[in-house]
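The chain below stands alone and is given in structure tokens; this is the form predicted on its own.
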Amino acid sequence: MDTDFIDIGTVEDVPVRGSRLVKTPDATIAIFKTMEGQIFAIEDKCPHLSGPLSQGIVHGNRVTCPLHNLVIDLANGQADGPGGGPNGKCVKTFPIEIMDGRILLKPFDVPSEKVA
């Protein structure tokens, strides 16, 4: 296992279709759990108006920003809709591993295609 990963809690600590926050010196990271039990980690900051994505609505593998309905793909951080897409706005994502029911997060800088 990569030693840069830190244990942030159990899978059960994150509500289904909800989130929990992890604060680091560089960013606040939202940990999401989908209806299917998948776990994702993205920066808790919408690229459009900096809305708290952790307060958004989770549907499928996406979250909708509570401020203006921009939809963010939890897997790759890409935004859908106006200004989104492959060359548009996106959110920083962070690697996650699940080991024995524990969530391991690599909270350090990970290159993304574009961070607004």
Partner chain sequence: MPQRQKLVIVGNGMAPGRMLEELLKRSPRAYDITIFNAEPRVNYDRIMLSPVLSAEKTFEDIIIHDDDWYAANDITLHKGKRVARIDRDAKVVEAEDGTAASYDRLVLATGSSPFIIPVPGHDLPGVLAYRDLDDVDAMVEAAEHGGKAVVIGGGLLGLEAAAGLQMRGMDVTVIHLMPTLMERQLDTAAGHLLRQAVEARGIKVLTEANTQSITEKDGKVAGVQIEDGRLLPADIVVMAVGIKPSSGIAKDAGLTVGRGISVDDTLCTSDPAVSAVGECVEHRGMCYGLVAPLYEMAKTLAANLAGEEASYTGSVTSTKLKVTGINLFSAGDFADAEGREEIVLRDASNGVYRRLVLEDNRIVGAVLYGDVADGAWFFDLIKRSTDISEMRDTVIFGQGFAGGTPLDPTAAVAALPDDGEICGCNGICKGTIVEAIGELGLKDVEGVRMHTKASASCGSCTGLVEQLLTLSLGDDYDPAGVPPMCGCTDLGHGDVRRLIVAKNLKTIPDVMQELEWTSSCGCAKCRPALNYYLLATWPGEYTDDNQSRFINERVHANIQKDGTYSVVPRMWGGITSADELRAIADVTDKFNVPTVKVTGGQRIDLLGIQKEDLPAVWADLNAAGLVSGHAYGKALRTVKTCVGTDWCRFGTQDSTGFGIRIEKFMWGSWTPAKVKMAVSGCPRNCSEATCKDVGVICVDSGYEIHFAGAAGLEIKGTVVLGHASTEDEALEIIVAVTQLYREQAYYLERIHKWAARVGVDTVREQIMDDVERRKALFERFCYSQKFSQIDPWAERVQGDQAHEFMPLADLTRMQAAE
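Predicted, not measured: the structure shown is a model, and the values here were computed from it. Positions refer to the first chain, counted from 1.
The form predicted in complex with the partner chain exists for this protein as well; it is not shown, and the discussion that follows is about that form.
Q: Please run the contact check for K45 against the partner chain in the predicted complex: heavy atoms, 4.5 angstroms, yes or no?
A: Although the partner chain is absent here, K45 would stay clear of it in the predicted complex, with no heavy atoms inside 4.5 Å.
Q: Does I57 reach the partner chain in the predicted complex if we count a contact as any heavy atom within 4.5 Å?
A: I57: yes, in contact with the partner chain in the predicted complex.
Q: Is E97 part of the interface with the partner chain in the predicted complex - any heavy atom within 4.5 Å?
A: So E97 does not count as contacting the partner chain.
Q: Check whether A75 has any heavy atom within 4.5 Å of a heavy atom of the partner chain in the predicted complex, and answer yes or no.
A: Looking in the predicted complex, residue contacts with the partner chain do not include A75, since no heavy atom lies within 4.5 Å.
Q: What residues of 13 to 28, in sequence order, lie within 4.5 Å of the partner chain in the predicted complex by heavy atom?
A: D13, V14, P15, V16, R17, G18, R20, L21, V22, K23, T24, P25, in sequence order.
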